[in-house]
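This document opens with one chain alone, in structure tokens, the form predicted on its own.
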């Protein structure tokens, strides 16, 4: 039996990138209603038009709430859920003090299942409908997050993290086991339902040249997979990479040499890039993922959003749980605005929403499926209350237009602003109407 639903409110969709020439707000259009059937968007327009299209549809009236594509988080570490907001460390110390001890626990499938479900509960409550996650070296950690997402009908990208050096005993694999485990996980999960696999060397310092070479060979075998890693997050990290790869021209070269530079690559952070690296990244059309709350929380630096976009780089947005200090993409958008201010290039609310939806979806090469409200797209939607708290309500009452109201929610909103969430045309966080 076909399930037909109409949501009424202020339905926002993008017709182009708000970073293209023209006023950012002109990249988005509003309509009165969106229709869904069998997990897909079937129309947007006036309520009358949608009811004519679906005369038997169930109507959900959200008044003047904003209805838009669910948020897409392009770089996370779900195994770090329990250690989010841990105090006082920079990247390398963070890994040793918090991350590695916690990741040791994920060989226990029951524990991995518990955290995977908790993580998806937390992100769904914040309006995130798709994530791209690093797991741990344990295949069990991959099975856990894919199983949890599959049960929810959720689109997700994930992969086994590969490390064979500079990590504790019990948290290292080998070049061969990393290849074999990842290959088996790809066969088990990639392309099943709404699940996609990302080949996942953590970063050059924790993979030997032999393992990076093995990961490059695996990517060549499975070119339709994504490949995710980290790049140029902190200056001391870059110095460490230089000491480990003295013959490399730069940090990116440690990936490029082993076949780990390609159009379906996702490179988290990318803050301290050299000119050659920027040129090669643009040439290959890779995705760079901005993680603003992580960059400030761990003290990494200020991402050059304006400069990289001007060069034509593909950019997504991410929380980087748990180096990032929030599960909320609203908070992440707010931090991206603040970093833009520090660089003298503040972002418009339309640009922030686009980064958290279409920008991240395009980074994951999923822009034909998620990230926008358009006919044929998967019905992953978030409904935002633009007056969710007394503080936001009093600011919203003074808003001069929709974007003024949206910006207040971006800067001050949290999970209370997320009135309702739909994944695959099914409501997963229901409004208390």
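Since we're looking at a predicted model, the values are computed, not measured. Residue numbers count along the first chain shown, from 1.
Missing here is the form predicted in complex with ligand GUN; even so, the following discussion is about that form.
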### Message
Is ligand GUN in the model of the complex close enough to 77, 269 and 298 that every residue in that trio has a heavy atom within 4.5 angstroms of it?
### Response
yes
### Task
Check each of 186, 115, 95, 125 and return the one that places a heavy atom within 4.5 angstroms of ligand GUN in the model of the complex.
95
### Message
Give me the residue from 190, 280, 202, 348 that has a heavy atom within 4.5 Å of ligand GUN in the model of the complex.
### Response
202
### Message
Residue-level question: is residue 133 within 4.5 Å of ligand GUN in the model of the complex, judged on heavy atoms?
### Response
no
### Task
Find out whether any non-hydrogen atom of residue 73 is located within 4.5 angstroms of ligand GUN in the model of the complex, and reply yes or no.
no
### Query
Might residue 215 be said to contact ligand GUN in the model of the complex, defining contact as any heavy atom within 4.5 Å?
no
### Query
Is residue 287 a contact residue for ligand GUN in the model of the complex, using a 4.5 Å heavy atom cut-off?
no
### Task
Given that the partner is absent here, state which listed stretch (348-356, 226-234, 192-200, 105-113) has heavy atoms within 4.5 Å of ligand GUN in the model of the complex.
226-234
### Query
Which residues, if any, of 290-322 lie within 4.5 Å of ligand GUN in the model of the complex when only heavy atoms count?
294, 298, 320
